[in-house]
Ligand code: HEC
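Shown here is one chain on its own, the form predicted on its own, set out as structure tokens.
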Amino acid sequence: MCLIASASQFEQVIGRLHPILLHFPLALILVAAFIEGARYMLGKRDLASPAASVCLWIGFLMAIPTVWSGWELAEYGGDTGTLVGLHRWTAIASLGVMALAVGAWIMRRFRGADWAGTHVAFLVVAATLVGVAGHFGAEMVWGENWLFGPLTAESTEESSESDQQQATPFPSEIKPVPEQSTGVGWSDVEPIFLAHCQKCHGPKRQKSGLQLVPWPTMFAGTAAEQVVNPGKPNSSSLYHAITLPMEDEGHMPPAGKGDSLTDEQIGRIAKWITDGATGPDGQRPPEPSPAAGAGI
């Protein structure tokens, strides 16, 4: 057993602390902003509330390792995309405004009510940014439109029926490609990728640098980097990942990140790859990028 961890391993451990740390500053800054905002409205502006002061200082100090761990988590996981950027930079902005709120708190200690308004304003802005950063983080974990999704759902009954259809047990071992008589095109498999893969591998977020939708992005990179080998599902890492046992670390979608694919969905993807992994208009996949050093 290796007793000395490498720098990379240490960074991964720091990154995995992020889910543990993030709730402390989020809750404490919100509480501090609420208390100080209420006191300001009631005319209590000379000195900051002791309870709010404790929340501010602990929240600010906890926010520093929280932002650091989140950065490391995205870096070693290869997490890229618009959503990741929004989450990262709103969190950093909230940390900066927290620092300003701390500075205003110090000035308020010496100047009294003259700095009360500035102190409360920075607290409210910091709390707002923390909430926005938390919203983007929730969308990364639970999917787009996580907060307001229920308001736009067509009906509870349709959602329930969909959940039942997706609850089919996952196959316990990798299976050969099932036979299907009809051809399968992109329109037949796109709904599967949108429902099960887009959250982590779509336009807004690319976990491990992989994007699966829209169709052309699936074939970016060299032949060795592509996850789909047209015509050969059993040698495609995408098909391998969706047919691994659920308890396997490489199983996709990961446990807790979405419902596993049904046998019918897996078969449809396999047939689509077998038929050439064609695009929306039946076009063939683009040629892989040349490997580094090719032709030299």
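Just count from 1 along the sequence shown to find any residue number. Bear in mind the structure is a predicted one, so any value in this text is a computation, not a measurement.
Heads up, the form predicted in complex with the named molecule isn't pictured, but that's what we're talking about next.
Partner contact region in the predicted complex: 210-218, out of 118-126, 104-112, 85-93, 210-218, criterion any non-hydrogen atom within 4.5 Å of the named molecule. Site annotation in the predicted complex: the residue of Ala63, Ile242, Ala270, Ala52 reaching within 4.5 Å of the named molecule with a heavy atom is Ile242. Between the options Phe193, Trp186, Phe136, Trp71, the residue in contact with the named molecule in the predicted complex by a heavy atom within 4.5 angstroms is Phe193. Within 4.5 Å of the named molecule in the predicted complex, a heavy atom is found for not a single one of Leu30, Gly59 and Leu100.
In the predicted complex, the named molecule lies farther than 4.5 Å from every heavy atom of Ile35. Contact check for Pro254: a non-hydrogen atom falls within 4.5 Å of the named molecule in the predicted complex.
Under a 4.5 angstroms non-hydrogen atom cutoff, the named molecule in the predicted complex lacks Val130 among its neighbouring residues. Using a 4.5 Å cutoff between non-hydrogen atoms, Ser237 counts as a contact of the named molecule in the predicted complex.
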